[in-house]
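This document starts with one chain, in the form predicted on its own, laid out as structure tokens.
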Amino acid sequence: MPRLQIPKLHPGWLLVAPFLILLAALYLGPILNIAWLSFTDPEPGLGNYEKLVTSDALARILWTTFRICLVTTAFSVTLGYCIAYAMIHAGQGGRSRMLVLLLVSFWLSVLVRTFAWLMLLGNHGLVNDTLVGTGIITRPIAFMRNELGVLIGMVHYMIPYAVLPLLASMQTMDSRVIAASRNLGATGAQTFWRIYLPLTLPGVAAASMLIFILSLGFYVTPAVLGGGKVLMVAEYISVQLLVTLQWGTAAMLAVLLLLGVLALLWLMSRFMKLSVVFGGSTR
């Protein structure tokens, strides 16, 4: 009679097991509590989730969030691709300096960046004063308190997040493939569109997914640069929690955001291995 094979557990797991259990409890506990609130506050049932199909205001906020996240992802990944391409083809010294500048922007608080844009793009900010002073425009351009200002702030914040996975993807590319393409007579443009860009698509997909997921939870930039006229889901959740005290609605939206992120990860896993996308092994 064959004996049951019990898999051996590495002793290292015993050292980290208490911390993993504590981390899982601290992570899952609040999530389960939020999910419970979404079904029980103010009264048990699916009333909070019915608002998704009955409330025009909620549908408008969700559409605004999706649209801004999509545009932010497109611009951030496009600009990030250009920066990563320039870094990978720069010399060692130039690449190091560009990487330092990129990391410095990483360390700046989102609040500091947002107020900097507020000073630059206001009606009497540096940009409008320069354009009016040089006679290019006669009246200040409304950069603030609209979607344009929110997009400028979000794209600026997200570009470093797009550059890093794209840079990692480009660094792992076999340069001999590019050299072979050029030796066979392909022009620089043909090599880029037919060889270089397809080989970097996993990095593009990883950067796009990362930017879109992070954009879903943006709060400070839309609140400051949007001036209350551009309402996204995160700010609406804050209003429901702190102003109107409708915790059930806020919990429902939080659950919706979480499910959206999980669905996005599942969708990506149907087309490619997530470990490969984030630079892991292909095995």
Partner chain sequence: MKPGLLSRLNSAWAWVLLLFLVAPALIAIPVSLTAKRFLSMPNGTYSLQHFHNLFTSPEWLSSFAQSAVIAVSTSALATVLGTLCAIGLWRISSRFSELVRAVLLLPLIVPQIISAMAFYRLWIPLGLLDSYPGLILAHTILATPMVLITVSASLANFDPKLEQASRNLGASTGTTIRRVILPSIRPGVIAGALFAFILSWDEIVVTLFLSKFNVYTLPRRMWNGIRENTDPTVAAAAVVLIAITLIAFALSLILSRHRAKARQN
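Positions refer to the first chain, counted from 1. Computed from a predicted model, the values in this text were never measured in an experiment.
One more form of this protein, predicted together with its partner chain, exists but is not displayed; see below.
Interface residue among 142, 184, 120, 136, judged by heavy atoms within 4.5 Å of its partner chain in the predicted bound form: 120. When its partner chain is considered in the predicted bound form, only one residue from 204, 168, 132, 213 comes within 4.5 Å through any heavy atom, namely 213.
When contacts are judged by a 4.5 Å heavy atom cut-off, residue 27 counts as touching its partner chain in the predicted bound form. Heavy atoms of residue 54 never reach within 4.5 Å of its partner chain in the predicted bound form, leaving it off the interface. Using a 4.5 Å cutoff between non-hydrogen atoms, residue 257 counts as a contact of its partner chain in the predicted bound form. Contact check for residue 68: no non-hydrogen atom falls within 4.5 Å of its partner chain in the predicted bound form. The putative spot formed by 16, 107 and 223 is fully lined by its partner chain in the predicted bound form; each residue has a non-hydrogen atom within 4.5 angstroms of it. In the predicted bound form, its partner chain lies within 4.5 angstroms of at least one heavy atom of each of the following residues of 83-106: 83, 85, 86, 94, 97, 98, 100, 101, 102, 103, 104, 105, in sequence order.
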